[in-house]
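Only one chain is included here, represented as structure tokens and corresponding to the form predicted alone.
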Amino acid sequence: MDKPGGTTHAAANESNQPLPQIGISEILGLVELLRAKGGREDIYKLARELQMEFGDTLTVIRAAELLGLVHTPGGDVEIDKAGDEIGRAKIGDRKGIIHDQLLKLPVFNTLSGFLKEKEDHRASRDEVLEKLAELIPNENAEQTFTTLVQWGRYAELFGYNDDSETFYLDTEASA
């Protein structure tokens, strides 16, 4: 049970969850398919319909679950409230919903706070990789960084300049 004002054990465990190596478009595709099927479908049937390897289907489902868009009772995948909202939303609104869902994930929330503490809301790629290694020590920081940048860019939460290798808080999109 959560203690008011304190860090919970569950939150500490969540920060160690690896980010699935999957794009937002695949996650949104899953949500669209589930909505078309009435909000719930058997995982094996989904894999066949998506024409994906079963393991790849599970990765997409895991990512959608991590974002709070679906849950997996038994052998089914069922859309959650946020997933239904995303399915009905326009593109700009989808970005806002994903933005809010990302900030519920400890790794995104921690990095957002880390960047807010910096005067110019920027950090070098190496600083972020080091932070990721602390937050998710048993995962490949490079792969996590790639997903972090892709998801963060989509949600207009983070940006990354490849030329200067600078990771930054996307304050322009928020303003």
Partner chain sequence: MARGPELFKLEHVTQRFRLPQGDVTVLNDVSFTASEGEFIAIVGPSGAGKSTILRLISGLLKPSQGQVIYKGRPLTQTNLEAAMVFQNFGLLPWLTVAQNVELGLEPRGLDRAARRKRVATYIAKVGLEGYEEAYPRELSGGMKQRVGLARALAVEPEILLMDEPFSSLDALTSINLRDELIDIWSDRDFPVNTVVMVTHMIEEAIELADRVLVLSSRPGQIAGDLQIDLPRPRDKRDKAFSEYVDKIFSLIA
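Numbering follows the first chain given and starts at 1. What you are looking at is a predicted structure, and each value in this text was computed from that prediction instead of being measured.
Just so you know, the form predicted in complex with its partner chain exists too; it's not on screen, but the next bit is about it.
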So in the predicted complex, does any heavy atom of Lys81 sit within 4.5 Å of its partner chain? no
Is Leu30 close to its partner chain in the predicted complex, meaning a heavy atom pair under 4.5 Å apart or at it? yes
Might Val60 be said to contact its partner chain in the predicted complex, defining contact as any heavy atom within 4.5 Å? yes
Residue-level contact is defined here as any heavy atom of the residue lying within 4.5 Å of its partner chain in the predicted complex; does Asn109 satisfy this criterion? no
Please identify, from 46-54, 135-143, 111-119, 66-74, the stretch that has a heavy atom within 4.5 Å of its partner chain in the predicted complex. 46-54
Residue by residue through 146-166, tell me which have a non-hydrogen atom within 4.5 angstroms of its partner chain in the predicted complex. Gln150, Arg153, Tyr154, Glu156, Tyr160, Asn161, Asp162, Asp163
